[in-house]
Structures are given as structure tokens and as C-alpha cells.
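In C-alpha cells, the next block holds one chain alone, the form predicted on its own.
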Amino acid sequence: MSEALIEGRTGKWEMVLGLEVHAQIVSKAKLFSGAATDFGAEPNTQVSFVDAAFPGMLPVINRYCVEQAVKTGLGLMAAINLRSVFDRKNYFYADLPAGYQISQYTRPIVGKGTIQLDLPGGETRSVGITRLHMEQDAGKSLHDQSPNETYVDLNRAGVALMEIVSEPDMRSAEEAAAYLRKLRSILRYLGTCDGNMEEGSMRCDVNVSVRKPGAPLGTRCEIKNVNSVRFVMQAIEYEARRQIEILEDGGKIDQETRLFDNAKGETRSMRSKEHAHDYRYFPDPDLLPLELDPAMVEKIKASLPELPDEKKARFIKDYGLNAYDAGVLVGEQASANFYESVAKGRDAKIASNWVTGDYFGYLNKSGLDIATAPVDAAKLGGLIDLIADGTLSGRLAKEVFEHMWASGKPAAAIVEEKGLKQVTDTGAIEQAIDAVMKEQADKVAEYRSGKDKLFGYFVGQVMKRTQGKANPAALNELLKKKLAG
């Protein structure tokens, strides 16, 4: 476990973190109705009588959503419970028309599992999954449409969610961020949630407590509905500091639900923490216990894709990559596939350096993704081929890549058009060396009298004369001979 202790006035403190992630299941219909789930639809245009809780309407389970939850459980190396129960979680809110949410409590569909975190330096460690249960989402209250009234949009009401609850195994904001990124990566590989936190299809409740190292667990506070990895980290840092200051001043932590104010970077109290009995859970009388066929679970298991951890292990073994580079490349399925296309039949390490370095750098700067980038895998592979056959030096290749990104043209066309071919003709390189040595006769004398460090200066001067096109290996070899006299 990585040590991430916080220094307070009374010594060191340890934070203890557990995350509850609400992940919207990728499905064309809701959990208990046939209403659509498209994001961004006009308010109240995707609501069935079931979602609006009209009298006499009965929920009917969406089999596809159940399969998606099972697939996610298997991807988290978790136990699949062949018998689970839907409960009613009772509370009143304007955007919850029935006055209860259909959820799972004592008998969830998925039990204990584990996630491997990818930490800096290629280090990994495990975080336990307590459970995954299915539930329907509530609607949305809109407070910014009118100065005097709150509007209610029921488009989200009844949308299928998976609540994925971790064990309190994390000890720093960085570990929480690594957990969220890894979970999102797994969900996207599986195709069970798109992981889009900005659109609300993945939301996070953060449980934070602090204690002296080795002491019993402290009282926790839950920070609700944080919608980005960056905000999760900020909320944890602020909340841990807040609790430490209270405890060091002799106060006590109240168990409560808090909100994170993105603008101010602070948490504030929302309500005292409710307990399970406050919700008066009981099995939903309209839904029979959910019984899974073991053959269906096995069929889903057999259909699982190669997941990030397996892919990372294969990249290390087959391509000779280090753990860090392999971890970066498998973070998204699209980047892993892109890399494999570029590396096919080429030097795997050079391909990795180009993809994780220049290519990802340009993607970030331009705000594009692999699907919309002007340079595809074939074009990047073509550039690497020109380095391998000596047409381009590493420096020239970077210049060519810049032109490729701006124009979308292949490397060979740009080399031809701009005259950027590397000079491998030893006669031309010799001529350039002779000219430099003639101009810099005093420095040649200094070099020959023992100032070896001037060698780099001569390399730079010859490169300048050849506009950076001289083959570096040929240049170094010839220059050494000439300077040796």
C-alpha cells in the first residue's frame, strides 16, 4: 500500500477512502420500461407511464440490462449471485414520482470483486469491490429555469444504473483517481457504460474519513455526486484537511452527507447521514426474485473481451514494453488498437515512443481523439518506416510529423514536397565537415589539443550546414576520423 500521510499540527494523519460509483448501463431502454435513454433529449419526452408512476403500472425487468450488470461483475473478477432481490428504497423527492426507488439492498446481483490500480512507476495494487447492485435512476430537478419555480425532467427516471461500491482500501486522492480511471476503462472495454462523467452517465460518491496511522476507522462523511476525476481529487483533499482541523481542535466529526462546490473547491454540509433503516427497505412486491441461469452467466463469461490488465500483460510480454508504457497504451481500447496497428511489423519500442509521446501530445493539444485525428495508424507507421530505412533522422521525423498533422498528408509525400530527405551520401557529409573545419580552424586546434567537449559543437555546425539532414551515425563516424587528423 502506498503511504500518503498528511502532516497536521499533532502529527501524521491517514485518510481512508471508499467510492460508490453510479454507472449508467448502456442500453436503448430503461430498467423497467421501454422508454428511450438518449442523452440530450427535450425534457419529459422519454417518459413512460411506468417511469411517471401512474397508478396500476407494473415494472418489467429489462433482460439486456441484467446481462450488462453480469458482464460488468465478471469484468471486475466478482462473484455473480444467481439469486438476487429488488427492494423498494423509500424516500420523498419531487423528481421521484413513486416516492420510492427500485434498488437492491441485502441481495445484490454481484458480490465481492477486485480492481488492480495502475500507480505511477508501473506499480500496481488491489482495491476490493464490496458489491455491484442494480437500481433505477431518479429524474432531475432543474433549479435554473425560473427565478421562482423548480422544474422536473423525468427523462432520467427509470434509467438503469449499476452502483459499484468499493472497500475503504484507498489512502490518497491519487489512488482514488487511479481507481476511477481503471473502473471507467474496464466499463468502456466491456461496453456496459460509456463512462462519460460530464453527461452524468458515471457519477461518484466519495466516503472520506481520517485517523492516526494504525488507529480504528474514523467517522466518515459522504460527498455526493462528484462528476469528474479532478473534482474527486479536490474534494478528497479539502475534506480530509477539514476533518483533521476539527479533530486537532478537539471537535468531533458528524456523519453527514456533503456536497462539493466546484467553484470554491470546498465541501459543504447537505444533510445528516441517513441510515438504511431510514429508507424502510423491503422487497418490491411487483418483482419476483431475479434468478439467473448458470449457462447464461457462462455464455457471457466466454464473450468477454481482452480487458486492460490482460492486454497490459500481453503488451509487456509480446512487445517488450515497460509496465508504465503498456499501462498508458491500454487505458483506452482505441489507443491499444491504434498502437498494435502501428507496431505491426515494426520496432515495438519505437512505435510506443511515437504513440505515447508525439502522437498523444498532439491529440491533447488539438482536443481531438484517435477517430478524428488527421494522422491515422497507417500514416504514423509510414513515418516510422522512413526513420527505419534511413530516409529521415529523428529530428527531421518530428518536423515531418508536424506537417502531417497540419495537412493530413502521408510522410513520404511531405518528404518529397519539402525536400526533407536525410543526407546519407558520405561525400556530401564530408564536404560539409571540411567546410566547417576550414571555417573553425582555431577550434579544430583546440579540440586536437585535448578539448574533447568541442565534438558536440562540430556536430551542431555540420547539422546547421546540412539543414539538419545529415545522417547522425555517418556524420559522427566521419567527423571523428577527420578531427583525429
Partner chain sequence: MTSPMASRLTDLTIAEARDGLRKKSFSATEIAKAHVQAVEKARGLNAFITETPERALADAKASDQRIARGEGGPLEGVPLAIKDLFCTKGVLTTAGSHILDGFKPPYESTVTANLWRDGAAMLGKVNMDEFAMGSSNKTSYYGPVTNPWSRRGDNRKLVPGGSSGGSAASVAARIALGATGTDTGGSIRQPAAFTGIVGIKPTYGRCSRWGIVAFASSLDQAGPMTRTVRDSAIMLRSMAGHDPKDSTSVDLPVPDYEAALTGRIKGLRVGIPKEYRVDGMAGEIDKLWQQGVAWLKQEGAEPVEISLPHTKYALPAYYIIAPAEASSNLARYDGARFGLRVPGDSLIDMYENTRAAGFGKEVRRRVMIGTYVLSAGYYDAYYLRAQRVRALILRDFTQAFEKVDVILTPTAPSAAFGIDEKSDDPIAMYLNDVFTVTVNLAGLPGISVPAGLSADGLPLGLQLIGKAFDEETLFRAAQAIEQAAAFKARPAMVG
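Positions refer to the first chain, counted from 1. Just so you know, these numbers come straight off a predicted model, no measurement behind them.
Another form exists, predicted together with the partner chain; not displayed. Remarks below refer to it.
- Residue-level contacts in the model of the complex: of Lys317, Arg271, Lys264, Arg280, one residue has a heavy atom within 4.5 Å of the partner chain, and it is Arg280.
- Interface residue among Gly361, Gly345, Pro294, Gly99 relative to the partner chain in the model of the complex, by the heavy atom within 4.5 Å criterion: Gly99.
- None of 454-462, 23-31, 432-440, 44-52 except one has non-hydrogen atoms within 4.5 angstroms of the partner chain in the model of the complex; the exception is 44-52.
- Heavy atoms of Val60 reach within 4.5 Å of the partner chain in the model of the complex, making it an interface residue.
- Within 4.5 Å of any heavy atom of the partner chain in the model of the complex lies no heavy atom of Gly40.
- Taking the partner from the other structure, the partner chain in the model of the complex has no heavy atom within 4.5 Å of any heavy atom of Arg131.
- When contacts are judged by a 4.5 Å heavy atom cut-off, Leu288 counts as touching the partner chain in the model of the complex.
- In the model of the complex, no residue of 393-408 lies within 4.5 Å of the partner chain by any heavy atom.
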